[in-house]
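Presented below, as structure tokens, is a lone chain in the form predicted alone.
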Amino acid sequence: MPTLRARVLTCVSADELTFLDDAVVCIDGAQIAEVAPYDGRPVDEDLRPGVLLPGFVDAHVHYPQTRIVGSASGPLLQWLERSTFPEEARFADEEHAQRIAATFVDRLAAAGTTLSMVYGSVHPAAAHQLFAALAGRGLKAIAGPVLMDRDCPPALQLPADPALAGLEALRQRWHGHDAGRLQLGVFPRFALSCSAALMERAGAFAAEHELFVSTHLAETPEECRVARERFSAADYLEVYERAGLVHARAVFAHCVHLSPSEWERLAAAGSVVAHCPDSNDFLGSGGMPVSDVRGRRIPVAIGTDVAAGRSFRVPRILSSAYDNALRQGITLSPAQLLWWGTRGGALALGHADTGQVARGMQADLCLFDAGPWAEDAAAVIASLLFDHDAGGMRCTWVRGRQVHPAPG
């Protein structure tokens, strides 16, 4: 049973943090067996002054956009046309997809991200390469190809029949791999690139196999307007409701421009919001209204939204979430922020056995070098979230297995 000595910072709830300045953490196989103040016992590794944290959760990230971080060239729809779609078309080349998948999982692991919800390109073969790279590194993910069959470049349009056949092949090969570490998700990109028939079939497929779904919702006013007009809907959410995509296993990214009625219906359905504040800033999309989410107790997880998001580091995006709330007159506590990026995100994505450094949890951990001058919880979390020059994670583990640096 490996025994580690380190400082420990973790969430008890959305309102409470636990910080142990000198702790012992015992790992038994894939699980944490004990977390306690250090009592003088022999240890296998003394990681001080490093701080052990739960692994981070990224609820919205695009694997095919790994190479175009920082390339935002205008508002959402123009950026998709100029930057995103040309890059994603390259994933028809399976060797290219394999190379980028390896880089992508390296970036996740180095950022301390142990669980993610990952959008692929439209190509099922590229999604196979992603799953293979995730499996090889040991990371947890809900992943799959995006679904698009209209109003995007022809090379990125895949009709419903081959798209659903590709999903079924991925489900049989990867869903539930390694005791559920990898899961297939269903990802209609957004209503503007999907026919009603494709979304309905995607919703039915997800319901039949009890899969998570995710899509983009109300990122910009123009997107909302086009969706309402194209589908003759009263509002944007209605388009997804008709397709059977609004339920407790649905994760909606952005949610910047929703009406009160849409917020109420999301809450009633038990759906999750993937908050992507950095990409919203970079593309000028606006800010998710924090009070609408918190007032209705809608589950929130944080999304880097790489590549409109400019970093794979969830703590960096939590800093943007703090800024977004502050502009709305709301001050989010460090506990709330860390909850969204760890335990709260894990619960939102259906992983109740991770997201805390606590007895009985899976040993999904990362080690952050906060510096010896950070002597209490406030100083450690200030360094973690708001010192943007601080480095990445020294080590990352999933189920007790080291995934960063890559075991050599």
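Numbering starts at 1 and follows the sequence shown. Predicted, not measured: the structure shown is a model, and the values here were computed from it.
The following text describes the form predicted together with a small molecule, which does not appear among the structures shown.
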(Q) Based on heavy atom distances of 4.5 Å or less, which listed stretch (328-336, 242-250, 265-273, 211-219) is in contact with the small molecule in the predicted bound form? (A) 211-219
Q) Out of His128, Arg137, Arg189, Lys140, which one falls within 4.5 Å of the small molecule in the predicted bound form, going by heavy atoms? A) Arg189
Q | Answer option from Leu283, Val300, Ala97, Cys152, heavy atom within 4.5 Å of the small molecule in the predicted bound form | A | Leu283
Q | Heavy atom of each of Tyr63, Thr66 and Ala89 within 4.5 Å of the small molecule in the predicted bound form | A | no
Q) Any of the heavy atoms of Met117 lying within 4.5 Å of the small molecule in the predicted bound form? A) no
Q.
Please determine whether Phe205 contacts the small molecule in the predicted bound form, using a 4.5 Å cut-off between heavy atoms.
A. no
Q. Taking heavy atoms only, is Trp79 within 4.5 angstroms of the small molecule in the predicted bound form?
A. yes
Q) At the 4.5 Å heavy atom threshold, is Ser279 in contact with the small molecule in the predicted bound form? A) yes
